[in-house]
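The form predicted on its own is given below as one chain in structure tokens.
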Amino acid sequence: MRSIFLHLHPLKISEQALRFDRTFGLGGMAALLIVLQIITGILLRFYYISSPAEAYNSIVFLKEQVLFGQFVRNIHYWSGVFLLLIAFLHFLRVFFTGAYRNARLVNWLFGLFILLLIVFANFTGYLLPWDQLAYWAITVSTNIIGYLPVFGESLRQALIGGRELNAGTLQNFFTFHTAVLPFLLIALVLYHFWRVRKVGGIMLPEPAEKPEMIPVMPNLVFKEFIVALVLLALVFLFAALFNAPLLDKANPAYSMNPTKAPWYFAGVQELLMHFHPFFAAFIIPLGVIVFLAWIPFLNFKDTPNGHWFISALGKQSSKATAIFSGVVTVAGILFNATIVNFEILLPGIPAMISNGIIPLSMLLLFMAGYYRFYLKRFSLSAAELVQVVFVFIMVAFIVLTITGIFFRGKDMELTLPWLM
């Protein structure tokens, strides 16, 4: 354990590792934001009361009566948003530089788990203000859990402590958010950094000659310090300009319209608009998670080279796939919303087939056609093909998320953001 704390950085580092475009400082920024979340969270705990009767009032008191109370809450909110975005970008950076195979396999799996913990940390903190936005967003999100087969409803009730959100729900979320997840994140992030150190640092392209090794102090530490200052300035600027959302106190008898899940679950909620719940809430998310965890175990003949997108061909195929995925996803959303709904078009057919198997089969056929008529002629390597699938999934997820956040209005109908 002592070596984990004392050797997160080596004494010397390759000079080319200092280039900002190798990592963009994303891992360090995520770690800093976790620390900022913990510090501001401790300050908020002095005033927050975790009961439905007092939670909202304690937030109002913090805003209106406590010196810099609103500012601290804003920092906590925006650092949580930035943490999720930066952790996701770090995840993309690791994949696109090939830092997930061989000795880095374990760290890839730990990284995925840390990303899920960050999502869960944001999710558990979302409910704590106990306002209309939080109450109904968590209601929608936990209802999605209830769609899971066999154990879904039991899992949902165990998480919220009953059939509906109640005092037990708030206490469960408060305990996870303040007592369980911070310790898990600190321990796993430290281990994550230590594993990077043990495998020789970040993934770099193989140099033509032996690279020059330079001291970490001050070369790397100084750059990390500058990045940290810029990030803190950005978070504080957002905290000064934009208040964390707070609507009226939660009212279980009056639902919002539209009722949306938290923004990081908007993609899953959007899937529910187009697929049967069994596919949208279980099959598709589970398939993506299994695919991401399975990637390092695939039989790659080539070795990771540290280059972005593997090669020029990999970059070209990824760009084309990003465009293809974006077009197909947008077309599918518009097709389903404005032209045809398979469940209506095929009356008498079970919904699981009409709104599940049929649209998913059509999507797979589109992907097969894209491979047959475009990608096959490039003779991509296994790593490049995996990258193509990864790009397709990520772009589709981003488009679905953006649609759910900005283009769903009253009654979850498609609309333009300025008309909402």
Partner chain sequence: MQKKPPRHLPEESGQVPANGITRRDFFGMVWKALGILAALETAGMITTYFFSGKSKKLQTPKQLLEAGPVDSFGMNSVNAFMGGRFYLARQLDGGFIAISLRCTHLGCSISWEESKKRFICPCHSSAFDISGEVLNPPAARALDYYPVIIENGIVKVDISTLKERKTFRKDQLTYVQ
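Positions refer to the first chain, counted from 1. This one's a predicted model, so the numbers in the text were calculated from it and none came from an experiment.
This protein has a second form, the form predicted together with the partner chain, left out of what is shown; the following refers to that one.
At the 4.5 Å threshold, heavy atoms of residue 315 stay clear of the partner chain in the predicted complex, well away from it. The shortest heavy atom separation between residue 155 and the partner chain in the predicted complex is within 4.5 Å. Although the partner is absent from this view, residue 168 contacts the partner chain in the predicted complex, with a non-hydrogen atom inside 4.5 angstroms. At a distance threshold of 4.5 angstroms between non-hydrogen atoms, residue 245 is out of contact with the partner chain in the predicted complex. Taking a 4.5 Å heavy atom cutoff to the partner chain in the predicted complex, the contact residue among 132, 336, 311, 139 is 139. This chain appears without its partner; in the predicted complex, the one residue of 287, 218, 149, 252 with a heavy atom within 4.5 Å of the partner chain is 252. Note that among 183 to 191, 158 to 166, 76 to 84, 229 to 237, the stretch whose heavy atoms approach the partner chain to within 4.5 Å in the predicted complex is 158 to 166.
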